[in-house]
Structures are given as C-alpha cells and as structure tokens.
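One chain comes next, on its own, written out as structure tokens in the form predicted on its own.
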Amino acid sequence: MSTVYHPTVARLTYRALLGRRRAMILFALPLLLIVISVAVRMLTGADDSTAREVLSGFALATMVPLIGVIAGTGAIGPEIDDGSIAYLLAKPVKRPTIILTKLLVAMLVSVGFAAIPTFAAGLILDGNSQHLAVGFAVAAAVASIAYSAIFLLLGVVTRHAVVAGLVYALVWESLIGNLVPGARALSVQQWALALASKVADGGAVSSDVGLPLAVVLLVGVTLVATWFAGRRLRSLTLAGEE
C-alpha cells in the first residue's frame, strides 16, 4: 500500500478538496438534486418516467460530471498552478504514489457526493420502483470513478483544467452526448447507463452502449488517464533538478 497510498498526501488533498469554496459547490449540487426531487414528487407524485428523466437528465448528465470536475481537477490542479506542488515533489514520495493517492481521494469524494445523493433522490422520486434508485446510484458511482481519472489528468496537463473540464462536462456529456447518436458511444454517461440498465428492472433504463463494451471502456479510460497523469507528473522537474 505504501506505493499506492500516502496518508500525508491524502490528508492534504482532502483539505484542499473540502476547503470552504469547493465544499460549498460540492454540497450545493447534491442539495439542488434533492430539492428538485422533492418538488417533482410533490407536484407529480411517484412516477417512474419522471424519476428516470430527473436521475438521467440532471443527476447523471449534469451533477455527476460537474462534481468530477471539482474533485478531479481540485485534487492536484491548484498545486501545479500556484507552484506549491514543488514542495510535495521535493519530498521522498514517489510520483506515481502521489497521483494514485490523489486519485483515490478524488474518487472517494466524487462517489460520496454523487452516488449517495443520486440514490436518495431516486428513493424520493419513486421509492426505488424498478430499482431505478439503485441502478442510477451504481451508474453515478462508476461514472464518478472515470471522471475523477479524466479530470485529474486535465489538472496535470493544463493550467485551464477547470475550463476544459466544464466544456467537456456541459458540452460533450450533457449536450452532444445526449443529442448526437454517434457521439453517445464515446460518452462516460452512456457507459454508466449500461450498468444502470443491468441493475434496474428490464427495460427501465436504456443505453446506446452494450454492457461488455461499457465495462471495457470505463476501465480502460480510467487506467489510461491514471497512467498518463503519472507519466506527466514524472516529467515535471524542480528547479534544483535541472
């Protein structure tokens, strides 16, 4: 575990992610989902179709990738931007360990702020009818893991990681990934929906990607993004190393 997880790096990352400004955004998005779910339930009652639209259209397509942006880029991007990463890289900690630790923290934060509220929203909307709450919670969890790796990579490779992440989350995942049929196969949202369709009752959730391919793509993207982020961090040099 010493080559995968470093407690001090994890503590510093948790502190950065759950600082006042980021924590407010992290809490605001799930709270908004719950408020929407309560309002919809009061107005329409328990309805599977409405629940599916809210959980897919807002929770999975918008809230989950935005939380991934905050957690993934926030795990390392600010340290690179302000140069404080130099102090961490100067410590006797292997750089892959830094990436893996920060990724694990980002994943835990993303899953906690995305999957749990999604499950709660599903219970509010229709009481887990057709296992929609469980199915979308599983989808939110696996999507959060992939998003964390993708956005952590963005935090390493560009100083505009948040902007790039928002463009990806709001334009590609929320807009193009929902409207353009050919682009759906390259959407984390659709890959996650494939797992939701497996967990929920037959026909309750649909995806444009088959389950075997979705699993391969989710695992592959997560591993490749993690590997490339570690490789990119290893290429960073301190002034004293040049």
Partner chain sequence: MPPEPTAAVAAATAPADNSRIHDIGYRHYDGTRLDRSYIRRSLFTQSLRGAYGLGRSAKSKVLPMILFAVMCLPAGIIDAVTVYTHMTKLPLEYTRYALYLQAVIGLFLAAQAPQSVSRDLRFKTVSLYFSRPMERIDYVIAKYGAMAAALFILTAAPLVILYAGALLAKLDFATQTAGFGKGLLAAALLSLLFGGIGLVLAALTPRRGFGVAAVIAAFTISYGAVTSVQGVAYQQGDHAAIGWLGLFSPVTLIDGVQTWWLGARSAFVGNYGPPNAVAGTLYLLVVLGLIAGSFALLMRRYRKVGLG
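Residue numbers count along the first chain shown, from 1. Here the structure is a predicted model, which is why all the values come from computation and not from measurement.
Absent from the display: the form predicted together with its partner chain. The rest refers to it.
- Here the chain stands alone, but in the predicted bound form its contact with its partner chain, taken as any heavy atom within 4.5 Å, falls in 154-162 among 154-162, 116-124, 103-111, 134-142.
- Residue-level contacts in the predicted bound form: of 215, 199, 186, 29, one residue has a heavy atom within 4.5 Å of its partner chain, and it is 29.
- Of the residues 66, 60, 209, 195, just one reaches its partner chain in the predicted bound form with a heavy atom at 4.5 Å or closer; this is 66.
- Contacts between 31-66 and its partner chain, taken as any heavy atom within 4.5 Å in the predicted bound form, involve 32, 36, 40, 43, 44, 50, 53, 58, 62, 66.
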